[in-house]
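First, one chain by itself: the form predicted alone, in structure tokens.
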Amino acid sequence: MVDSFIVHTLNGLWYGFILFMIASGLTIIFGVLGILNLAHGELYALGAFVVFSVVGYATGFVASPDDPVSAVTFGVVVLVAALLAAAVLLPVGALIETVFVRPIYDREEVYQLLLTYALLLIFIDVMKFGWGATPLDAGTYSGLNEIPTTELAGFGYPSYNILAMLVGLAVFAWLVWFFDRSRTGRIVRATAINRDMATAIGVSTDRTFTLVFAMGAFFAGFGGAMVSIGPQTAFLEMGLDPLVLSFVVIVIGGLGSLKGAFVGALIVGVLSRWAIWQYPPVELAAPFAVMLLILLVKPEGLFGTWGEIE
């Protein structure tokens, strides 16, 4: 019983960190640009497909992991491949913001929803054209599990999950540092809090918005890449469930709140895995029940809105 509780809690934390990588991009875009990007889930799926191609090429330069040293080398190469795959989403995000999103900032929200929904459908066809309709397996999961982690403490748990949690924690730490300490991050926060004032002191809102959208696309793609190098395959329409759960996450944490997205993702991840353990039919209902409860008690979410990082 205790062992099952620990394993399912760890599985929930792993899923929560994956959700955070996806939701962080969504909440950044909403917090600064005010755009609810329905195509965000397909950017996540695109990252999963791109890493399939990149990791297949990159791992061809290293030996198969058959000892701790070669396993660590293999893991580093796979992580670099995941970052490169996510980097492909940077120009994609910048292009979407510049060409499609920028002209409709001043229009009603329904235009944003229709536009991003259209992009969602286009991305599905693009991925079908590029990689086909058959699910793809990057084939790296068993190799990543050769990296010694929990075995050193006498506990058996997939090393890939531990690696994904550490990467998710590093992503959260970097985002907090970026928006709290870096000059560019402070400019983005200032633009989010008071767009007119930022423009008055010489900030280029066009460049800021493009940067923010590209960052959001990057983290969505990185989340997809981290999933695809694990036990899951890349398949068409894989972005729907993470997109819906990402909306739940940012509502729980607070629309546009980075810390809220982090806490909300872990809550949703752990609850969903506990539900699978105890009563699988409520796996999808459990996160929504928590969201409804928080909306009743604290409608602005657990951490409020953008600008809370101090």
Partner chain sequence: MSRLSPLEERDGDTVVRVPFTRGLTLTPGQTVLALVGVVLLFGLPFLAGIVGLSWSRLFRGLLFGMAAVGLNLLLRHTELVSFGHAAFFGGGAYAVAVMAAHYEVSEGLLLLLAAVLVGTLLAVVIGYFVAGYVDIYFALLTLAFNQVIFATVFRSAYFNYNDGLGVRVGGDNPTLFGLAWTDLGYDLVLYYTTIVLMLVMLLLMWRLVHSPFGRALDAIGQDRTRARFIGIPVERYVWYSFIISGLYGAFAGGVYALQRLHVQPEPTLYVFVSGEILFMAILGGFTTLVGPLVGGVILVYLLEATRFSFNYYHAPIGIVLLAIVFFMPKGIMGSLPDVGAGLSRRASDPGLLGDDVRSIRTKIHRSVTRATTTVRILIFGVK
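Numbering follows the first chain given and starts at 1. Just so it is clear, the structure is predicted and the values come from calculations on it, not from any experiment.
There is another form of this protein, the form predicted together with the partner chain, and it is not shown here; the text below is about that form.
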- prompt: Taking the shortest heavy atom distance, is residue 38 within 4.5 Å of the partner chain in the predicted complex?
  reply: yes
field: Partner proximity in the predicted complex: residue 137 to the partner chain, non-hydrogen atom cutoff 4.5 Å
entry: no
- prompt: Quick one: is residue 204 in contact with the partner chain in the predicted complex, heavy atoms, 4.5 Å cut-off?
  reply: yes
The partner chain contact at residue 270 in the predicted complex, heavy atom, 4.5 Å: no
- request: May I ask whether 69, 76 and 79 all come within 4.5 angstroms of the partner chain in the predicted complex, judged by heavy atoms?
  value: no
- prompt: Among the candidate residues 200, 173, 166, 121, which is the single one with a non-hydrogen atom no more than 4.5 Å from the partner chain in the predicted complex?
  reply: 121
- prompt: Which of 162, 90, 187, 115 has a heavy atom within 4.5 Å of the partner chain in the predicted complex?
  reply: 115
- prompt: Only one of 81 to 89, 214 to 222, 99 to 107, 178 to 186 gets a heavy atom within 4.5 Å of the partner chain in the predicted complex; which is it?
  reply: 99 to 107
- prompt: If you look in the predicted complex, which residues in 225 to 256 sit within 4.5 Å of the partner chain (heavy atoms)?
  reply: 240, 241, 243, 244, 247, 251, 255
